[in-house]
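This document starts with one chain, in the form predicted on its own, laid out as structure tokens.
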Amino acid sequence: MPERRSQRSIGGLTRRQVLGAALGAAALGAVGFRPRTAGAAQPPIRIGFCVPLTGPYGSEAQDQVRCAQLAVREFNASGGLNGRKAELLVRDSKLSPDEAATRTLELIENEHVDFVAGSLSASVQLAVNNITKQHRILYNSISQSDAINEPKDFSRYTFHEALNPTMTTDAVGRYAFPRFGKRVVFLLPDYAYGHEMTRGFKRVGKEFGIEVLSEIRHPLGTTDFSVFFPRIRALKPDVLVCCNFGRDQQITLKQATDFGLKRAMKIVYPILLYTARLAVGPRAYQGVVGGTSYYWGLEKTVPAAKQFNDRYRAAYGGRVPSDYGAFGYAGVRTILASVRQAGSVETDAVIRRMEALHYDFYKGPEYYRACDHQAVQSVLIVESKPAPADNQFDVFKILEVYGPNRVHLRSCRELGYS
């Protein structure tokens, strides 16, 4: 398990700064639980937020916190719930299902949170979901997972704001396979995220007659991917589909570039990470195509994206939000919007409002599908490009936008809902 980095600066903020700011969202300060007494002010609306601040997904998690804080500040600045403010209680999952379950239980039992959002990792969010549904706490997950929408893990308390692997790979596969070829090798991390992404690509690939030459699996946190490249090159694929994430993605592409793999095949990713591209630079990502849930460049055509970006720029020194960061914003804002519509923090009332919610908070229209509470939304296809001299943040070109459409999802009947 990754070691704790107590004061390293990630994304411009130290871990202590992020945790302190989150616990004091909107300048409320860390408030202990106080039983309500006659005439006393109502306690803040508390949202638990458990993400992997340390470990290989730390950069993405840090931006999820920043964006979630933004949603809380906006809610409070606009009056809250009849003057009642919200606060964000951040905990570090350390990318561990057990740690996440423990921290979530503490948030529920000790901090008396009203709602939970967050998680980054397919297995971690399932652990959090298991705790929240047992305690009948509404949970809005912000990481890719197919399993969380399936009957064995889903409950009426479960919402999934993030894309899921089926909808992601359906869009990316429809773009990539007709253009780049049918002979495919998969390189994937050997855990739920990699398995689900690969399954999704195979599903859409049947429609285009792809030939799967090999599936090559690697452990999370691999540092030497070059050992796989001679085998991949010998198979002579048209497309190498890499299904890893975070630091694994950065290392894979740096080493694939050095090895010359791009000259022999097209490299495609289900998710291209904005934070990873910024960290590594243009050379490693040159020519790589993939999907994403959000890119700030949408502001040219989507008014909500421009508004979201401008608020983020004002709050965080002119920078722009990341894709996974935006999930943090939407995951918290949808809860707070539903609280305001319900006029209450009562769980059943908020669930009903979220189920009926049609919203455009940052990327265009979205809504939650009735059977599994999956957010139906757009998927973007992007390609890395060198950033222009006048804008270091302009790193992707949007090639295609697949609008919100349930055709990219497994049907409710296919999932086993009546």
Partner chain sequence: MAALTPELLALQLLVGLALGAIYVLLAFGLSLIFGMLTVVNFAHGAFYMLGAYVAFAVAGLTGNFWLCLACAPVVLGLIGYGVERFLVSPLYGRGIDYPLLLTFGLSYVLVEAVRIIFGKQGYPFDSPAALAGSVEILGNYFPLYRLFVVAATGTIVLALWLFVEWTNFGLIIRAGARDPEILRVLGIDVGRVWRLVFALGTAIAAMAGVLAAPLQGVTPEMGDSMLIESFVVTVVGGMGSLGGAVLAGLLVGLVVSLTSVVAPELAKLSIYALMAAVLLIRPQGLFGRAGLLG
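Remember, it's a predicted structure, so these values are computed and weren't measured experimentally. Residue numbers count along the first chain shown, from 1.
What comes next is about the form predicted together with its partner chain, which does not appear here.
Every residue in the set Thr54, Ile251 and Phe259 has a non-hydrogen atom no more than 4.5 Å from its partner chain in the predicted complex. Using a 4.5 angstroms limit between non-hydrogen atoms, Ala77 is distant from its partner chain in the predicted complex.
Within 4.5 Å of any heavy atom of its partner chain in the predicted complex lies no heavy atom of Glu207. A residue is said to contact a partner when one of its heavy atoms sits within 4.5 Å of a partner heavy atom; Leu235 meets this definition for its partner chain in the predicted complex. Proximity of Asn309 to its partner chain in the predicted complex falls outside the 4.5 Å heavy atom cutoff. Only one of 218-226, 294-302, 199-207, 81-89 places residue heavy atoms within 4.5 angstroms of its partner chain in the predicted complex, namely 218-226. This chain is displayed alone, yet in the predicted complex one of Pro178, Pro151, Pro230, Gly318 has a heavy atom within 4.5 Å of its partner chain; that residue is Pro230. Contact annotation: of the candidates Val345, Ala337, Val280, Ile137, the single residue with a non-hydrogen atom within 4.5 angstroms of its partner chain in the predicted complex is Val280.
Residue Gln62 is the sole member of 62-83 found to place a heavy atom within 4.5 Å of its partner chain in the predicted complex.
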